[in-house]
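First, one chain by itself in C-alpha cells, the form predicted on its own.
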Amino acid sequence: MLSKNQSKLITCLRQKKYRVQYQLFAAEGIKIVNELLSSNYELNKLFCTKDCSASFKNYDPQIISEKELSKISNLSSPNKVLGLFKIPKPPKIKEEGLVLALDDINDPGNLGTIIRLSDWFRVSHIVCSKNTVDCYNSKVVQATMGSLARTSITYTDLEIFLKETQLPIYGAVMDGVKVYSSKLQQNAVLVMGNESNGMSKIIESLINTKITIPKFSKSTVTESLNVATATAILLNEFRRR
C-alpha cells in the first residue's frame, strides 16, 4: 500500500520549491529509472508494480498497484516504475572540451532534448543560467530519456562564468558568421539563448565569435529554428570538424 504521506511527497515534487526543500526528484519508466540506478545518482525509494518487481529486487522496491501508480505518476500512461532520487551537489564546472551554456531556456522539453544531445555529442558540461528551467523538473527528466545520468549540469551566474572562463566563447545569434565557414575550436563554450528572445544583451556582449545557421528558405514566415534543433546542428558542426 502507498501511504498518504508517500503520495503527498511524490506529487509535491512536481514543484521546484519542494524538490529544493527535500532534495529529491522523481523519475519514471523502466529505461530512465535503470539509467539512473546505474549512475552515481543515489536512490531514495523505488516504487513499482508487481509484474516488474523481479527486475528491481536488488533495490528493495515497494510494490504498488497500477491504480496507485497512476495517482502519483506525472505521465498520461504510467510505465511500471517510479523512483525517488537524491539531488546531488552541483558538480564543479569542467573548463575543458566543449561546454554548453544556456541562457534562460524555459521549455522543459527543450532542456531535456538538449541534455540528451549533450550526452550524444559528448559535451563535457552544461552551464545553465539561474533562470533556466530546473533539470530535475519531471518533464525535463522524461525528455532526457536517461541522458541526465551521464551529463554534468551546473546552475550559476552565467555572466560571471563567461567573464571568468579562459575558453573561447561562441554564441548562436541571427546575424552571426555562417557556422559552415567558421573555424570552430574543440575546447570552447557554446552559448544558446532563450526560445523567444535569444540571449540577453549582457551575455551577447561577452561572446568572442557570433555564429549562425544560415537560412536557405526564401519564406519570411519561418523566423528562427527551435533552440534544441539549433543546438543539435551546431554541436554536430563542432564535432564534425
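Note that residue numbering follows the sequence shown and begins at 1. Given the structure is predicted, the values throughout are model-derived calculations rather than measurements.
One more form of this protein should be noted, the form predicted together with a further copy of the same chain, which is absent from this view; the next part is about it.
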query	finding
Contact test, all of K8, K17 and I203, partner a further copy of the same chain in the predicted complex, heavy atom 4.5 Å	no
Partner-contacting position among K50, K31, K183, K57 - heavy atom within 4.5 Å of a further copy of the same chain in the predicted complex	K31
Contact residue in the predicted complex, chosen from E159, D134, D119, E95 - any heavy atom within 4.5 Å of a further copy of the same chain	D119
Partner-proximal stretch of 67 to 75, 100 to 108, 120 to 128, 81 to 89 relative to a further copy of the same chain in the predicted complex, 4.5 angstroms, heavy atom	120 to 128
Close approach of Q23 to a further copy of the same chain in the predicted complex, 4.5 Å, heavy atom	no
4.5 Å heavy atom contact, A188 and a further copy of the same chain in the predicted complex	no
4.5 angstroms heavy atom contact with a further copy of the same chain in the predicted complex for S147	yes
Contact label in the predicted complex: K4 to a further copy of the same chain, heavy atom within 4.5 Å	no
Heavy atom within 4.5 Å of a further copy of the same chain in the predicted complex - qualifying residues of 202 to 218	I213, P214, K215, F216, S217, K218
